[in-house]
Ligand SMILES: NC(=O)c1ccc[n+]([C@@H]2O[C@H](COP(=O)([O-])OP(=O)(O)OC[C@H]3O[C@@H](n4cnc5c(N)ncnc54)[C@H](OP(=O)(O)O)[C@@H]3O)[C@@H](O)[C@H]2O)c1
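One chain follows as structure tokens, the form predicted on its own.
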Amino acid sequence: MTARRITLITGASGGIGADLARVFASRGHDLALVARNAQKLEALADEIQGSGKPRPIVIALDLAVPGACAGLAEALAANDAGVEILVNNAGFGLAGLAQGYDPAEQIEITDLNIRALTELTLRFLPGIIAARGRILNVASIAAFLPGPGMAVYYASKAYVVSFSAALGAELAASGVSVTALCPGITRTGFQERARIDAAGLASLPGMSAMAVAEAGYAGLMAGRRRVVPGLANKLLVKLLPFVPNALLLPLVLRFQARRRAA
């Protein structure tokens, strides 16, 4: 066994990922933080250390690049750290019609949201099982909707929910829980990268990243299969199975068209 059991959080440089790091640290977890932006990670590590908690391991990596997951495993081994809790938070989307983007941009969504999440989970799973740890996969209420206008992103989050549920069932006897966190609209840097119009978004109800992080942590530690933060989001997810796709598809398409940045 490694000397340092850590909670590994991907996409930790901002938004939900950074607030998940703050929540886990405040509950006494030792952390490893992963994202592309080294400067933001170091600032977050300084903040956590300044609060009297152990300084997180900082690993600056683009997980969408082939070989990055192996590099991450090597960096953890060099720090004599083993993953006890895995938080797969890294991900992004692009607002607009699929044919409106370079195919390589769309494939990058699947590389990060699906391939990297799956590879990290499978790579670290033996250690998580040995530690009787936990896995938190950050999905979205988009997982429960058809997604014209953000087709690849919505489909990638449906994969995350399905994979999490199936893996959780497989691991139930091992004592390892798998939780899918499915937030709705959350005020983060996601919208800017997705090219979503901030003015249109401001008129919609949303949650803070910290509220989502707190709900995700509580659900993970309770061993819940799925966490949907916010009453409105919970009601939406419960009602969606009763709405036919013939109605949902044009509604979602119009919604996405209104909020896409020019």
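Sequential numbering from 1, following the sequence displayed. Bear in mind the structure is a predicted one, so any value in this text is a computation, not a measurement.
Unshown form predicted in complex with the named molecule; subsequent notes refer to it.
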Looking in the predicted complex, is the named molecule within 4.5 angstroms of a heavy atom from every one of His29, Gly216 and Gly219?
no
Contact label in the predicted complex: Gly184 to the named molecule, heavy atom within 4.5 Å:
yes
Look up in the predicted complex whether Phe190 has a non-hydrogen atom within 4.5 angstroms of the named molecule, and give yes or no.
yes
Considering non-hydrogen atoms and a 4.5 Å limit, does the named molecule approach Glu47 in the predicted complex?
no
Do Ala90 and the named molecule share at least one heavy atom pair within 4.5 Å in the predicted complex?
yes
Just to confirm, with a 4.5 Å cut-off on non-hydrogen atoms, which of Lys234, Arg36, Arg225, Arg195 contacts the named molecule in the predicted complex?
Arg36
Considering the named molecule in the predicted complex, find the one stretch among 120-128, 96-104, 164-172, 134-142 with heavy atoms no farther than 4.5 Å from it.
134-142
What residues in 98-118 sit within 4.5 Å of the named molecule in the predicted complex, counting heavy atoms only?
Leu112
